[in-house]
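We begin with a single chain expressed as structure tokens, specifically the form predicted alone.
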Amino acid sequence: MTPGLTPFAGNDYLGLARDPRLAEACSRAATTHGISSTSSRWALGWTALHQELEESIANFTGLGAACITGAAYFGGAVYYSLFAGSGRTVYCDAMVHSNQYLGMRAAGLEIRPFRHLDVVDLRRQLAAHSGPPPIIASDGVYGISGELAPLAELAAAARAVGAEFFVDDAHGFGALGASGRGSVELCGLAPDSTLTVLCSMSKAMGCGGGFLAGRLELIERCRRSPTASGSAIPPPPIAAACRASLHILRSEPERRVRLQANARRMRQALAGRGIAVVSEATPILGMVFADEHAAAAASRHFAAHAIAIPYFKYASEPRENLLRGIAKADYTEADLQRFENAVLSLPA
């Protein structure tokens, strides 16, 4: 990022990436455990810090068990590998994150996308389904547009056909829901034996790595899958920081209150200038411009006002006229006023 610019993009929704409590936890763990995990969980990489983190995540999510990974991006490969050779079909939202498509293809599963956010199209396809119980897959929050998936309706469709239900909630976990459990909580889904959630610890948690959470039997298989068992886990300092971050998620709900208040204020400023955003439900501001050139020009305009909102063509978003900004919990009044002034002076 260009020096002197305040970030109004990225994924640090709660402003925890620079929290001194996380840095302190990192430092203590680096002194006692070193800075590298050195190996996988089944070799010599596993420590009491990792065990405590997994147990804390399982308790926090209420989903039974958790499996931490070196990056959330591995989640699709870990999850779908469990169903390789099963003859299962995956009915997925057409715009699920690329980690899901990579996992499905690597596992050799049949993939049948349904129209983006369209439960009616999913039900139409499920009515013609034959073979083993399918898997239904969606993102919880779509990371560029900020759209919230209709998870309650998708879960009902999954239950009706006895399907597994997989949700990539990398952008929802920590930022959404009364207690920070993400889009699953926001949409009112109760823990269910068919539900598996993939979450990131590098976004709202401000740390690194990811995890899968779900029923114990499935999570035990995740832990022993080649992708999870053969790859490095988060280094001990990061595991310690993640546990500290999880404590903050529990104990400081006011961060999410500020996050949502800041998001509303920023959306109001944009609406006052006639700039639509794709979704009103999340802290992601997918600003809609006439075309990619106008979106790129708006990015340059924000930079001239010391605001960093980079424009580039997003791999997981086909709409090239979107400029992705975010709200954060730790914006100051001066930050928000600078954003409002920049929006007011955007060229027509």
Ligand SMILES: Cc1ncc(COP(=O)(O)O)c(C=O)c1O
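In this text the structure is predicted, and so the values were computed from the model without any measurement. Quick note: we count residues from 1 along the sequence shown, nothing fancier.
Separately, the form predicted together with the named molecule exists; it is not shown, and the next lines address it.
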| item | value |
| --- | --- |
| Residue (of 149, 72, 233, 222) lying close to the named molecule in the predicted complex, criterion heavy atoms within 4.5 Å | 72 |
| One residue of 196, 89, 99, 245 in contact with the named molecule, assessed in the predicted complex (non-hydrogen atom, 4.5 angstroms) | 99 |
| Residue stretch of 235-243, 157-165, 265-273, 196-204 approaching the named molecule in the predicted complex, non-hydrogen atom distance within 4.5 Å | 196-204 |
| Partner proximity in the predicted complex: residue 209 to the named molecule, non-hydrogen atom cutoff 4.5 Å | yes |
| Exercise: residue 93 in contact with the named molecule in the predicted complex, heavy atom 4.5 Å | no |
| Partner contact for residue 170 in the predicted complex: the named molecule, 4.5 angstroms, heavy atom | yes |
| Sequence-ordered residues of 119-151 touching the named molecule in the predicted complex, heavy atom within 4.5 Å | 139 |
